[in-house]
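Next up: a single chain in structure tokens, the form predicted alone.
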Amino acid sequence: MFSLTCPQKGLPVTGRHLLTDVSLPALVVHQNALEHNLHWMQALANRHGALLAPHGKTTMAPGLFRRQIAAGAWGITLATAVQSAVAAKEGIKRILMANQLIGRANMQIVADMLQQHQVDFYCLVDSVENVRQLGEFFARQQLKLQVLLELGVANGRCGCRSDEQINALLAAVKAEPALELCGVEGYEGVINGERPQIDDFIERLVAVALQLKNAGVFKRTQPLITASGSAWYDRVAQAFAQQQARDAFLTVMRPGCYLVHDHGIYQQAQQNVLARQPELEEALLPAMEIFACVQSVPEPGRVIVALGKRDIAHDDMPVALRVWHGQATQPVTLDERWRTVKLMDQHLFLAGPTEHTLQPGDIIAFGASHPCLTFDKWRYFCLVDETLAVTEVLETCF
């Protein structure tokens, strides 16, 4: 039987069966769905002539990074200096940090990474002061730092809002010999609007990038232009596929959640993509689930499951999908009458029909909304085949 070797979570063993040999709750990724999603998004990028740099913060699983690179990804996107250093140590040679590099300690992490691993590394800039700090630091290190100008939106997150800010930033980068301006970046996911607002931003991103290229501010013949989260990647891909952008730039898409998808916000986003792009006959598949045991059935219509906020994201409540009763090898689908009504640190309150047959020890598979905030709760997760045999145990590095 399975032997517990990790005090926080049970560390599974390959070759064992999920339902009988793995300590639950457990984070589970279905291998077939993962492979489908991996190749689905790479094919979409290829069709539009774009490069793919999937956002690694979703899983922070180097084993999955390597799969993405092997499938054709240009590089891996990360959010922080520490995440970037982890990826570099694990052999990723091209890293796009879709964030500003702020703070001396973080700059030192990146400098060490550049010296030790010879990584093709990029980060974002949106302020004259940050440019000055970066230029001074990397000049002392005798290193060249590649930066992208970030374009933002009013009331959004980071990024230049006005032409005046862009021009000041360009002058500041030009004055720092240790910095090289390599392209333009934006993130449409901060726009809480409908398609016209998204399209307007993407069109502005391309227009600004072309304007800067025509003005000769980039040294390289094909600078980068990059955008795309996990909701509007189709519109970004289409905008990047326009001849002017495709010929002038390396166009880089950065979705991350597509790899495992979910049963919540990204499932809805995928339906929106399919509505916008009816030629896409297939969809992404939910590959990530959490398996947990029924713990108590204290009263009619109430089931307590050994699963909590420390195990699963709770942007929206987890969705009960299937149950394995007792020693059964085949699951029973749970319909919409079953609802998660409350989530505590280690307990999930599941409401259902009063005449139900769930008992302590039954195993339920749950879907989550937002994979990023599920993966970061786990040190290891199980990759399973269609029989629920554990084919691989992968580590996360949060």
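Everything numeric in this text was worked out from a predicted model, so none of it was measured. Numbering starts at 1 and follows the sequence shown.
Quick note: we don't show the form predicted together with a further copy of the same chain, though the next part is all about it.
Screening 221 to 229, 240 to 248, 280 to 288, 302 to 310 for residues having heavy atoms within 4.5 Å of a further copy of the same chain in the model of the complex returns a single hit, 302 to 310. Every member of the trio Ala105, Gln108 and Val190 reaches a further copy of the same chain in the model of the complex with some non-hydrogen atom inside 4.5 Å. By the criterion of a heavy atom within 4.5 Å, Glu129 is counted among the residues contacting a further copy of the same chain in the model of the complex. Contact check for Lys89: a heavy atom falls within 4.5 Å of a further copy of the same chain in the model of the complex. Though the partner is left out of this view, Leu24 does reach within 4.5 Å of a further copy of the same chain in the model of the complex, counting heavy atoms only.
At least one heavy atom of Gly156 is located within 4.5 Å of a further copy of the same chain in the model of the complex. Note on contacts: among Gln115, Gln197, Gln133, Gln268, the single residue with a heavy atom within 4.5 Å of a further copy of the same chain in the model of the complex is Gln133. Checking Glu203, Asp120, Asp315, Glu180 for any heavy atom within 4.5 Å of a further copy of the same chain in the model of the complex turns up a single hit: Asp315. Within 4.5 angstroms of a further copy of the same chain in the model of the complex, the stretch 75 to 89 places a non-hydrogen atom from each of Ala79, Thr80, Val82, Gln83, Ala85, Val86, Lys89, taken in sequence order.
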